[in-house]
Structures are given as structure tokens and as C-alpha cells.
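In C-alpha cells, one chain follows: the form predicted alone.
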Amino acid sequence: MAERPEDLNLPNAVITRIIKEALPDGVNISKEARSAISRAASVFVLYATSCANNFAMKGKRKTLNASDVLSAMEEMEFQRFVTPLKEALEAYRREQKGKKEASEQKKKDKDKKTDSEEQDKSRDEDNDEDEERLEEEQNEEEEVDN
């Protein structure tokens, strides 16, 4: 847990970026207003986390999950955010699934490449052994002829 109230604030750079994206071009915001928004955002996050934690505790779990957060939003009377959050969650899950599949494919390709390299190495070793045998046989024949 945070030891000081200031530790609970979101980073100023993040808050500034969010504010700039939300406001039309040419609109400025005072340092005081940015600080107030930052504190309000921090309070909102803490409140949402606390509500979501209550749902996890009711479920006898120690880990918060997405359904806890969605339930907390409804309990906090932020129903209008539930649908966009569900859509964002689905997009996130699709993205993670795509990354996982890409990672698995990359691993398979790497394994195939490794197998292929091992086969090539094995062939090279077999060829080297064959060449050595031929040289030995030729040397033996030369010794017999001499």
C-alpha cells in the first residue's frame, strides 16, 4: 500500500496526455485544474478498485477479474461505461489471443528450423563419415598395391 496520499496519484504525464486527447486543439488547462483532475482520477480508480474488490471477496477470491470491475461500474452507477468497457475487453482478449497464436507459430517455426538444422548436421556428419571411410579404403588399397 502507499504510505503517503501523493503516492496514490496517477503520473502527471499520463494525465496530461489524456487531457490533451480529450480537449479540442487550442484549449489549454491550468496546472491547478490538471492537478484536480489527477486527484479525481486517482480517487475514481481507488473507489472502483474497492468496489471490484468487494465483488471478489463475495466470490471468495483474492484476485480481481474483469467481471468484478464491470460489476463495480454498475454498482457505482456508471452503467453507460459498461458496454464500451466490454467492447474494449473483447478487443484486448482478441489481441492477446493473436499475440499468443503468433508466439506459438514462431516457436513452431523455430522448432522446425532447429529440426531441419539438426537433420542437415546429421547428414553432414554422415557424409563426413562416408568420406573418411572411402579415404581409408583407398589408403588400404594403395598399401596393398605397394
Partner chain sequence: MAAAAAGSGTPREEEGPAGEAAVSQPQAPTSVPGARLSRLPLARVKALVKADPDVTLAGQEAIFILARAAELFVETIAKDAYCCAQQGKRKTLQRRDLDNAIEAVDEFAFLEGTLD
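Positions refer to the first chain, counted from 1. Throughout, rigid core stands for the largest set of C-alpha atoms superposing within 1.5 Å between the two forms. From a predicted model like this one, the values you see are computed outputs, not experimental measurements.
As for the form predicted in complex with its partner chain, it is not shown, yet the points below apply to it.
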| item | value |
| --- | --- |
| R94: touches its partner chain in the predicted bound form, heavy atom cutoff 4.5 angstroms | yes |
| Distance check, A102 to its partner chain in the predicted bound form, heavy atom within 4.5 Å | no |
| Residue contact check: T114 to its partner chain in the predicted bound form, 4.5 Å heavy atom | no |
| 4.5 angstroms heavy atom contact with its partner chain in the predicted bound form for K62 | yes |
| Those residues of 35 to 51 which, in the predicted bound form, come within 4.5 Å of its partner chain by heavy atom | A36, I37, R39, A40, A41, S42, V43, F44, V45, L46, Y47, A48, T49, S50 |
| Shift of G26 between this form and the one not shown at or above 2 Å (CA, core fit) | yes |
